[in-house]
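One chain follows as structure tokens, the form predicted alone.
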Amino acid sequence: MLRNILVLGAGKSTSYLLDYFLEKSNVEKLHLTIGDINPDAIPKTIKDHPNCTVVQLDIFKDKDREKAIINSDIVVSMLPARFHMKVAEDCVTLEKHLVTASYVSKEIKALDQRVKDKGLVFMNEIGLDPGIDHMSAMQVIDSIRNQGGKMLLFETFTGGLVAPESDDNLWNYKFTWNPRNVVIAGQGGAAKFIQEGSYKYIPYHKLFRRTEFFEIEGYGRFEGYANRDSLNYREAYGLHDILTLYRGTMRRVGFSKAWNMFVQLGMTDDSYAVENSKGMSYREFTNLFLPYSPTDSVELKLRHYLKIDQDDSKWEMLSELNLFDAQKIIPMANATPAQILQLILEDSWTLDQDDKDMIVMYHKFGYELNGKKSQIDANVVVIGENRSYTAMAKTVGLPVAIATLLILNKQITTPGVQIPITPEVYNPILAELKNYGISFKEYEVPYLGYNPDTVGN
């Protein structure tokens, strides 16, 4: 008897996910149903597979959504996070397991008791970050604890970057995920973390000038800036007494210092609309944030405002982005500065069809065992194939797919709304990921404590 997996949403992150299910479909007796608002965008190779059915599905049409869920054994929601709740409510009512790659919202967390009462598994945060970061970190942390060790320090950084062979701009960066999330990263409150037992806060206007540097063997030097809340997982990871806890985002060295120019100008602001944005040129947009002068050019005013010289590398980085182009026109009405900046950046930072992206994840574990302080550094690097089969899609989609099959096969059975931090979940998923080239390298290094090579204030 076929087991029916319902996948809601077939966007950029689903290429490996769908392939995984279809590759396993005969052996595992699976039928895949894909519900998407725009089924025409789904590749023909997927739609024509004998074990696959594609349906047009508007998530806001309750009867259509419920019908699709009723006919499934397990539901995978790859929809935007704000739409998960509608699906989750249906899954509880109709008694279906649910898997998502998104952060657990307060609303979904509130379903926990009902989910447990019905013996259902609602697995969340099972993508890359969150996801692979949880699993790889907890495997090492649990191993240290099982030996009688005490955690002193945990730092983790993840970056969605461009692979070296496709790195052809001065920012060493291209969009591999939702560009909007890149533009507004770090907003909505100060970044907070623990350093040597003390709480630390970095306000948004200083965030990109407080960076930590590290080397990844074979790939060179990277920098990381703090995520908004590093303390979210202190309880989940059981790190209540840890001295240093820091989660961050990884970029190539120099990116953050240059990005800070946009922050200081106000171009990343998403809180108000530019009333006359439609028809405005990129040059006029840039001039919005600069003082009036009857004689000085936009270029000169910007250099004075940011205190950068014409031969400064940051000036070349800005010039590369067409910010001063009077011919390029903004088509959006009443757009926010952040939306306009995103449009401008997408001109330069969108992956070409044959471009390859790169995922880099780095963990640092400091611990005490038998009176001795030690440190483990761990990292994984994944290179994409092209714009359709990206490293981002691979590292987000495969953990989702693997977890789905494990739940379906009753190898993950603990009920409730959860994230992948238990051995029941992380051991089989990490083992399967190794078969797809996603495997961490671990290094024993001297314990240094928290000693970041920081810049700025």
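Just count from 1 along the sequence shown to find any residue number. Model, not experiment: these values are computed from the prediction.
One more form of this protein, predicted in complex with a further copy of the same chain, exists but is not displayed; see below.
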*So which stretch, 131 to 139, 202 to 210, 341 to 349, 112 to 120, is the one near a further copy of the same chain in the predicted complex (non-hydrogen atoms, 4.5 Å)?*
202 to 210
_If the criterion is a non-hydrogen atom within 4.5 angstroms, does every one of A190, E275 and P291 touch a further copy of the same chain in the predicted complex?_
yes
*With a further copy of the same chain left out of view, choose which of N334, Q195, T93, N322 has a non-hydrogen atom within 4.5 angstroms of it in the predicted complex.*
Q195
*M317, L265, V182, M151: which sits within 4.5 Å of a further copy of the same chain in the predicted complex by any heavy atom?*
L265
_Is Y305 near a further copy of the same chain? Define near as a heavy atom within 4.5 Å, in the predicted complex._
yes
*Answer with yes or no whether S256 is in contact with a further copy of the same chain in the predicted complex, where contact means some heavy atom within 4.5 Å.*
no
*Just to confirm, E125 within 4.5 Å of a further copy of the same chain in the predicted complex by heavy atoms?*
no
*asked:* Taking a further copy of the same chain as it sits in the predicted complex, is D269 near enough to touch it, meaning that at least one heavy atom pair lies within 4.5 angstroms?
replied: yes
